[in-house]
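Below, in structure tokens: the form predicted alone, a single chain.
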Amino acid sequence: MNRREFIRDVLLWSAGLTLSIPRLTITESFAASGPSLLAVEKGPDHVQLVRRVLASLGGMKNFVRPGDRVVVKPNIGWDRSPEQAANTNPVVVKALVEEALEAGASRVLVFDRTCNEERRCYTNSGIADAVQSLNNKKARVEYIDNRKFVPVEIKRGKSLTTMEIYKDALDADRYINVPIAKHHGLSGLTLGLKNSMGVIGGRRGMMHFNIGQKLADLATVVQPTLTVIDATKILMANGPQGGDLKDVQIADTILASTDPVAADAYATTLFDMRPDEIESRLRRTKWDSGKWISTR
């Protein structure tokens, strides 16, 4: 599949907001010079990776204007260290916050609705310290305030018609979604679309029934300005929580797109999969000692 075909199919998929995934064979050619649909960068310097993917998309000033209120939404869901690859790399989060501030943001909020105890998640992930180390009053890491969840009608929803969504995410001028690429025991992988579950309230467990359609429904109202997928370390098994360093693979990759579907589609290839084969692939294989093996 060439670049034009990839863009065509992703745009069709995005327009329909359905998880009936087209068959894609994706190559590095989509990280073209100049503004592009998708930017992919690899290397050991993760701060530079952030700057390079942003530059490929026109720079952070292409997304954040002076005075904008910005949300940077990483995955901070788990009481895990950065080495365990259950949460977004704090270096990546810090670099994005810094870029937003340099672009003129009047405020940058970082938050997530955690699965484990929030203070332990924020601290042990390294994200709280990383943002606070900027020593800038405009950048704040905040705990979720349950009073800020507001009911939202999902007019285009097929499986969801209403959902409580965090007001700060809805009110932001710019919403930057920063998931980590990792395995998920139920959905196969958790990437950009699923990271939006961190801004919904109520009983999130209900999302896991017919999760594909519900994530597509949620995507009609939670629409990131930019999706930046952290694949510096990727969790290959026992996600989303992980814990065993043997399940972690160093990928030293960051990708970004204005289209969350394009970002997620490309990220599946980091797990040696096509977007359309996630479910069947994970039913018949498992990750062991650095490779996928058959369970048949």
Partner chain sequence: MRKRIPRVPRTFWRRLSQWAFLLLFFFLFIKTDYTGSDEIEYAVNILFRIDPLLAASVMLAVKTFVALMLPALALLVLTLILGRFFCGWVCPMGALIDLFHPLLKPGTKEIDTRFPQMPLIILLFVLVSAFFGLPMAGYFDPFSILVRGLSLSAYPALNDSLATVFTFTYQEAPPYVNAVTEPVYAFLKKTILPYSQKVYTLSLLSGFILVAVFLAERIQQRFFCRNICPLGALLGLTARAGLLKGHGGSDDCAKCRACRSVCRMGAIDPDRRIGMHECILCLDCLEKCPRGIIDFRFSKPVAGPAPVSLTRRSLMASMAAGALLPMFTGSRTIARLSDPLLIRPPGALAEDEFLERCVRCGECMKVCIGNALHPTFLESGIEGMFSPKLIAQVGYCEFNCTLCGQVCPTGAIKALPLEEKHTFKIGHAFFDKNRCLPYAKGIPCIVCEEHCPTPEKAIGFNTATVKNDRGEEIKVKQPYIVDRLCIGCGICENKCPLPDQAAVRVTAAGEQRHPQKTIPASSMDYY
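Numbering follows the first chain given and starts at 1. Quick caveat: nothing in here was measured; it's all calculated off a predicted structure.
Keep in mind that the form predicted in complex with the partner chain is missing from the display, and what follows is about it.
Judged against the partner chain in the model of the complex with a 4.5 angstroms heavy atom cut-off, the residues Thr123, Asn238 and Gly243 are in contact without exception.
Only one of Glu118, Asp173, Glu98, Glu164 comes within 4.5 Å of the partner chain in the model of the complex through a heavy atom, and that residue is Glu118. Mapping the unseen interface onto this chain, Gly185 counts among the residues with a heavy atom inside 4.5 Å of the partner chain in the model of the complex. Taking the partner from elsewhere, Glu41 is found to have every heavy atom lying beyond 4.5 Å of the partner chain in the model of the complex. Although the partner is absent here, Met206 sits close enough that one of its heavy atoms falls within 4.5 Å of the partner chain in the model of the complex. Proximity of Arg107 to the partner chain in the model of the complex falls outside the 4.5 Å heavy atom cutoff. With the partner chain left out of view, the stretch that reaches within 4.5 Å of it through heavy atoms in the model of the complex is, among 85-93, 222-230, 206-214, 173-181, 206-214. Shown without its partner, the chain has no residue in segment 217-235 with a non-hydrogen atom within 4.5 angstroms of the partner chain in the model of the complex.
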